[in-house]
Ligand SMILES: Cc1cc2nc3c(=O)[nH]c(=O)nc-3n(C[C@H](O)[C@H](O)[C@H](O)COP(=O)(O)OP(=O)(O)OC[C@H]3O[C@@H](n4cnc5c(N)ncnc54)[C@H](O)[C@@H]3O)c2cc1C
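The chain below stands alone and is given in C-alpha cells; this is the form predicted alone.
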Amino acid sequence: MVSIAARQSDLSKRLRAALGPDVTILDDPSQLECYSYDASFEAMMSPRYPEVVVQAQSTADVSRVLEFASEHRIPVTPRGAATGQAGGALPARGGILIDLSRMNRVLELDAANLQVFVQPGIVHADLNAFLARSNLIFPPDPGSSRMCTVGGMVANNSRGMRGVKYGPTGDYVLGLEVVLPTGKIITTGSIGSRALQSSSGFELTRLFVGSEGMLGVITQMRLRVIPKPPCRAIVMAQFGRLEATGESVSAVLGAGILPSAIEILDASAIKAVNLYRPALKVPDADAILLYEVDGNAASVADDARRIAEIVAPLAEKVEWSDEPPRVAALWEARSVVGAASGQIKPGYARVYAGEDICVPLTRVPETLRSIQNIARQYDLTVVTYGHIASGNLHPAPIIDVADPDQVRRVRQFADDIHRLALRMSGTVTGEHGVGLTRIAYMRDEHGPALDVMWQIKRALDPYNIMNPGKMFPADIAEPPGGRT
C-alpha cells in the first residue's frame, strides 16, 4: 500500500511538472497546517489537511490545475480568506487546495456603466475603498468586511447587515468567468457584455452564485455597483419585551419605510458589548434594535424621525442621530458584538456552531426565546444577535474548547438550533452556507429538490472532484473518482 507521504510527494512532483516553475506549490507539513482550517467550530475540532496547495495567480493556473485534477480524479478545494464558518473551504477529501488569495486585483472600473471587474481574492473592504474614490459602493456588507474575499461572498451568496434594503451578493453579480472541473473556461452573463440586465439564455450566473465551489472555480467577476449614499442616520430603540421588537419592525416596514439595516442585540449581546467596550454604555434591556437609514440628508432625517415616532409606543427608550460621530458610536455596538461575545467569559472562546439560522420575521421573538431555553437546557452561555428584518439570527455559544463535556453539549445545542429553524418554517443557513456543518439537515429542508441539485452537480462534475464532501449526504454523494 502506498503511504500518504509517498502519495503526497508523487502528487507534488506531477503537479510541478504539469504547471511549471512559475506556479507556487506548497507541500511542507508546516505550510499545509495553515490551510487545514477556516473559522468554523468543525475546523477547530477536526482540521482537514490538503495534500498539496497551489497558490494560483491567474485563470490559466486554475485551468491547468483542474485539467490535471480531472484527468487524475483528484479532489480540488477552492479557498479565499477562509473566513467561512461552515467548513466550506476545508479540503474534506484531501487532494489539491487552490489558494485564490493572490488573485486580488481590480481589473477594470467602468463607472459610467456602474460595474467593476475584479478577481475573486480581493477583500471586500479593499474593493469598497477603491470604489469610494469614484463615489461608488458595492452594497453587500458582511461583518467580516476587512477579511473576507468577494469571491467567497459570491460562492456563498452572502448577505450581511444591509441585506434588508440592498439584497444578497447575487443581486450584484452580472457575470462570471468560471473554470469548470475539466479545466474549460466559460463566461456567464454574455461574453463582452456591459449591460446591466439580460434575458439571454439560461441564467448560469445564478447557478454558480451560492454553489460553494462545488461546480467550478470562479476566477473573475463582473459586479454591479451603485452611487454611495451621502448620508446615514441610526435609530436605537431599547425594549423590555422581545415580542415588541418584531412588532416594531413590522410597524416600520408597514409604514412604507425601508431601512438599510435593522439589527438586533438581545440581553446577552448587550452584556457582551458592555464588558468588551464599557465606554459605549449600551442600555440594559431585553433587546435593542438599531435601525439604519441612508440616502440624501433630508430624506434620511425624515425617515429617522418617523421610525423613532413609530417605535416609541413599543419601546422603553428611543434615540436617533444623523451626526456622523454619533452614528458611528451607535453603530459600533453592533460592529463589535462578534468580537465581544468571545470575551464574555475569561478563558472561553466563541465557537461557530448553529450560528446562522433564518426564520420568518413574525417568529423572531419566539425563536430568540427558544434559543435562550435551549442554551439553559445545555447549561451554555450563548450570545445572540442578527439581522432581524430578514429573520437571520446568529447565536454564539461560548465554551471551553478543551472541555470534552462542553464540546459535546455545544454539538447538541447546534443540532437543536438547526432543527428549531426548520420547525419555525425557516432555513438552517441564512448567509454562511452549508459546507460540512449542515449536511445532516439538507434532506429535511429540501426533500426531492436535493436530488436535483446532485444531478446538476454530476452533469458539470461527473467525477465529483470539486469540493467533495460538502452539502450532500452520503446516501446521495459519491466519493471522488478513483485516482490514476
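Position 1 is the first residue in the sequence shown; the rest follow in order. Owing to the predicted nature of the structure, the values given are computational and were not obtained by experimental measurement.
What follows is about the form predicted in complex with the named molecule, which we do not show.
Enquirer: Given that the partner is absent here, does residue 232 sit within 4.5 Å of the named molecule in the predicted complex, heavy atoms only?
Expert: Residue 232: no contact with the named molecule in the predicted complex.
Enquirer: Wondering, does residue 149 line up within 4.5 Å of the named molecule in the predicted complex on heavy atoms?
Expert: Yes, residue 149 lies within 4.5 Å of the named molecule in the predicted complex.
Enquirer: Would residue 144 sit within 4.5 Å of the named molecule in the predicted complex, counting heavy atoms only?
Expert: Although the named molecule is absent here, residue 144 would touch it in the predicted complex, with heavy atoms inside 4.5 Å.
Enquirer: My question is simply whether residue 100 lines the interface with the named molecule in the predicted complex - judged by any non-hydrogen atom within 4.5 Å.
Expert: Contact with the named molecule, yes.
Enquirer: Go through 241-249, 404-412, 82-90, 266-274 and give me the stretch that gets within 4.5 Å of the named molecule in the predicted complex, heavy atoms only.
Expert: Within 4.5 Å of the partner lies stretch 82-90.
Enquirer: Look at the candidate spot formed by 70, 96 and 181 and say whether the named molecule comes within 4.5 Å of a heavy atom in all three of them in the predicted complex.
Expert: Checked in the predicted complex: no contact with the named molecule for any of the three.
Enquirer: Taking the named molecule in the predicted complex as the reference, which of 289, 293, 337, 217 has a non-hydrogen atom within 4.5 Å?
Expert: Answer to the contact question: 217.
Enquirer: Though the partner is not shown here, which residues of 425-450 have a heavy atom within 4.5 Å of the named molecule in the predicted complex?
Expert: 431, 432 sit within 4.5 Å of the partner.
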